[in-house]
Every structure is written in C-alpha cells, then in structure tokens.
Ligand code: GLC
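Let's start with one chain on its own, the form predicted alone, as structure tokens.
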Amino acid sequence: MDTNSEPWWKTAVVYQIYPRSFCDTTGNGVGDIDGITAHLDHLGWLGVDAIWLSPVFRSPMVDHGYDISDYCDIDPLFGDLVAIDTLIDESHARDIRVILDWVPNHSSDQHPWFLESRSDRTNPKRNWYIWRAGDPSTPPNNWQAEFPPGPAWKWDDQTQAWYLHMFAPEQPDLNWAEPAVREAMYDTLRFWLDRGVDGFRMDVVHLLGKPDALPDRAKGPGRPLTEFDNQVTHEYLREIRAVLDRYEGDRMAVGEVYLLDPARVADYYGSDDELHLSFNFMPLWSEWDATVWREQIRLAADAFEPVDAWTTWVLSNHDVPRHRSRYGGNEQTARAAAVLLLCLRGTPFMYAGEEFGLLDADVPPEMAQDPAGYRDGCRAPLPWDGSSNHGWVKPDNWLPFPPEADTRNASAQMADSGSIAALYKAVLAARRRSPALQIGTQRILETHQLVLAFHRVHGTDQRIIVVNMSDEDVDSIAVGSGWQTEVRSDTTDAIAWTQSLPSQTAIILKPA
C-alpha cells in the first residue's frame, strides 16, 4: 500500500495563499512573504503538503499582482529575493512544497518588454505583443475583455495601432507565436526552478495560442475565458512541460483552464506531456446537493480517467465567494464540505482560511479594491488571534477582516479540539493514513437520495465517505456492514456507525 512511488502532487493537499491577506509584518496593511514564513508552523500543524502563492512578482498592482512587470524579482510590497528564498527553505524543512503563480498570457504595460514594444513600430520587441494597425474608432475584432467590460483592444497613440488585452488595458497579451517570447518566458521558469520552487500554477494558460487571423467570434462578443479555436496552445504546453521535466523532484504545472466542461479541460493534459494537473472549476458553481454532486463526480471520472489524467477539487479560491458563504453560512455545512473536499479522488486545493470556517468579508464601497468588482470579500485578511489587530501589525488593513474574527482565528481554533480547524487537521491525518483516500479508486454508492456516498479502495485499504447534504436527518443509509467511524464532521466523540446521519453531516468510515 506504499504511495511513495506516486508523484508528490498526486497525493498532496495544496493550500492556496493570497499573500496580500495572509499576514502583514511591516505595518503597511498588506500581507507579505515574511508573514507567510512566520505561520508555517500553523500549516505544519494542519498537515498540508504544499502551498501555492498568488503572484508576488514585481507589479504596478493594477490587478493585485496579475500584471507583472518583472517575472524574476519580488515586489517590495511583499519582500525581496532573500525573503522568498527563506520561505522556500523553511517550507522544505517542514516537508511543504512551494508553488508560485506564473502569469504567461499577459504582462504589465510597465514591463520593459512592453515599453520597448510600444516605443516604435520597428523596435525588435514590437512582435512580442499583439499589435494591429487600423482605424482608431474600430477595434480589429469583436473580442471582449474580462474587465472592465468592453473591447479587448486599446488604441496606442504613440505608434498608431491597437494592442490586445484579454483582461485590463494595463495587461497587454504577450505574443506566444514569437519564439523569442516563449524562450524568455521559459527562462523565467528556469529562474525559479533553480531557486528550488516545486511547481507553478499557470494563469489562464488555455488562452496562450491565438489564431493568426484574429477572426471575430462567430456568435458575437463573448467572455475571454473560453478556448480559441486552434491547437497551438497544446504545442506551447508541451514546450513548457519539457522545461519542467529537465529538473529533478517532480516539478509540476497546474493550469487554470477556465472551461466549465471537464472533458475539454482533460485535453490540456495531453499524453502526459502537457499539464500535470488542471483545475476542475465546476464545483465552484455547483449547489450543495447530493444529486448535483453525484453528477459532478461522474463527469470528472468520465473525463479524466479514460485518459489517465488526475483531476483536482476546489471549493474556494481568490476569485469566488468562499464556499461557506455560497452554501448559506451554516458551519455544519462547511464542516461536511471539508470532509468531501479532502476525500474525493484527485488533488484537493484548500483556500487559506477555509480551516477557520471563514465567511466573506463585508467590504463597503469606499474600501473596494478589486478591478473586477466582485472579489474583495473572499480576499479579506486572515485573523490569527483574538486581539484587536488579529495578529497583524495594526487593525486597519487593505481590506476589513471577515465576520466572527474574534473566534474564527488561528489561535482560538487551534486551541479548541472541536473546532472546524481541528476537523480539517483530523481529516488530513486520516487521508495521510489511508492510501485509499490518497490514490484509491472511487465508486459512487447507491443509497438515500439526499446522501452522497462513495467507496475508495487501494489494495487492501478502503474507506467509505458519506455526506448528508440535506437539512433532514437521514436513517437507513445502506452502505453495508462491518464499518466503524474514523472521522465525523459534527463531533470529536466516538459515535458508533448506525447507518444514519444528522443533517449537514459527513463521516469517514473504515473497516471495523
């Protein structure tokens, strides 16, 4: 039952950190790298295997770091190269891997590459971005930007041409069809791989290949987070994979392929020569309902298993409301969701603060920061203790703290054996003990319609997970005999398995 032969990213639980909101050590109200290092013992206590940092590279911060002006340096807001090297070393000393957020589709308009590109039409870097001449009153095509709403083109008076930006105008798209661009971007990967980084989360990686003719969308303007109709991106992904494969230690790439169809997402794994992992985002938009989740599990299995691809599971991240908020605010539901997330077949990604059962913050309009206009609530600072500052240097920070911070903080949660943080710790420990929960097969069990139940098996090891997603207590859950409780979401007491579960409760069963 040894799982050591599996690549680490297949058995790992990854913990996403939004650095601005993790912990501030300087007093500027913004979280920093030293703040992450200071709380690595919390992550060790929790039992996660890897951390993913949203971007910490140099940036004008128009999109809070997703507009990069130097891929090979740390923004002073977060620290410096010494700070990130220390974080990598201290994480590795705790057997925690480090994943950085790499943004290949676009740079900042303040990146030296773009400053050269827009300096004149004959500059050697002109073709590093996507330019089109034309009428300043008519964009080259009908493509739409993600934010702000409007055309994905900006007119540049200096060189009398349009440039493409699938996101904000300050985020011009790189021209991946230019070989020099690709090699320069691969060099940025090598820079961090040489410093010991274990992998990369690759932002909107499915947008890299653009059709040469840049034709209008057949169905009119649409959101950018869809595929372009070409296979060029897959060629680029194979080149990226070749860079990673030259390094020892199972360096990995997890892609943000924002397509709400698992079968299309699975294409980006290639023949084990493109992405190692790709986010399955459907659960972010799925209601808390057993019938819905049975279908989501089936869709993922049908898409990924035939091509031997390993899926991911995620309930919250920096772009959507936290799942406790989405599921109605009930802690019992959030606790049951913790068991579900960490026991499904695939690699789970937790979002920092899930272990405290956090809700989204209420951000007044005058404090709004997000250029897209809807993501501030889930990005609120993490509370570390019950003081007025909640473990930050001062009480007033770039965003307000989430509700219930006096009790939903690391200090209080870690001291309470019945807290949701203690539940996460217990489920993570159960996962480490069980090869079935890490890499085992998965089969949905037919039982009560209000209940999601599935069986995980690897060799002689097996577990059954049962999640009552309803507001009704359910009796006569037929999963067979010979099972005992290993972890239960609603209590730390030893309660015998009786084929029944209260509402909004989940349980891990092991052989008696």
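The structure presented is a predicted model; accordingly, all values stated were derived computationally and were not measured. In this text, residue numbers run from 1 along the sequence as written.
Keep in mind that the form predicted in complex with ligand GLC is missing from the display, and what follows is about it.
Is it true that 331, 339 and 423 each have at least one non-hydrogen atom within 4.5 Å of ligand GLC in the predicted bound form?
-> Not a single residue of the candidate spot has a heavy atom within 4.5 Å of ligand GLC in the predicted bound form.
Since exactly one of 345, 375, 326, 165 fits, which has a heavy atom within 4.5 Å of ligand GLC in the predicted bound form?
-> Residue within 4.5 Å of the partner: 375.
Residue among 335, 118, 294, 318 with a heavy atom within 4.5 Å of ligand GLC in the predicted bound form = Partner contact (heavy atom, 4.5 Å) among the options: 318.
Can residue 147 be called a contact residue for ligand GLC in the predicted bound form at 4.5 Å between heavy atoms?
-> Although ligand GLC is absent here, residue 147 would touch it in the predicted bound form, with heavy atoms inside 4.5 Å.
Looking at the partner-bound form in the predicted bound form, is residue 171 within 4.5 Å of ligand GLC by any heavy atom?
-> Heavy-atom contact with ligand GLC at 4.5 Å: present for residue 171.
Do residue 66 and ligand GLC come within 4.5 Å of each other in the predicted bound form, heavy atoms counted?
-> Output for residue 66 is yes: heavy atoms within 4.5 Å of ligand GLC.
Mark residue 256 yes when one of its heavy atoms lies within 4.5 Å of a heavy atom of ligand GLC in the predicted bound form, and no otherwise.
-> Yes.
Which of 348-356, 398-406, 197-205, 137-145 lines the interface with ligand GLC in the predicted bound form (heavy atom within 4.5 Å) = Among the listed stretches, the partner-contacting one is 197-205.
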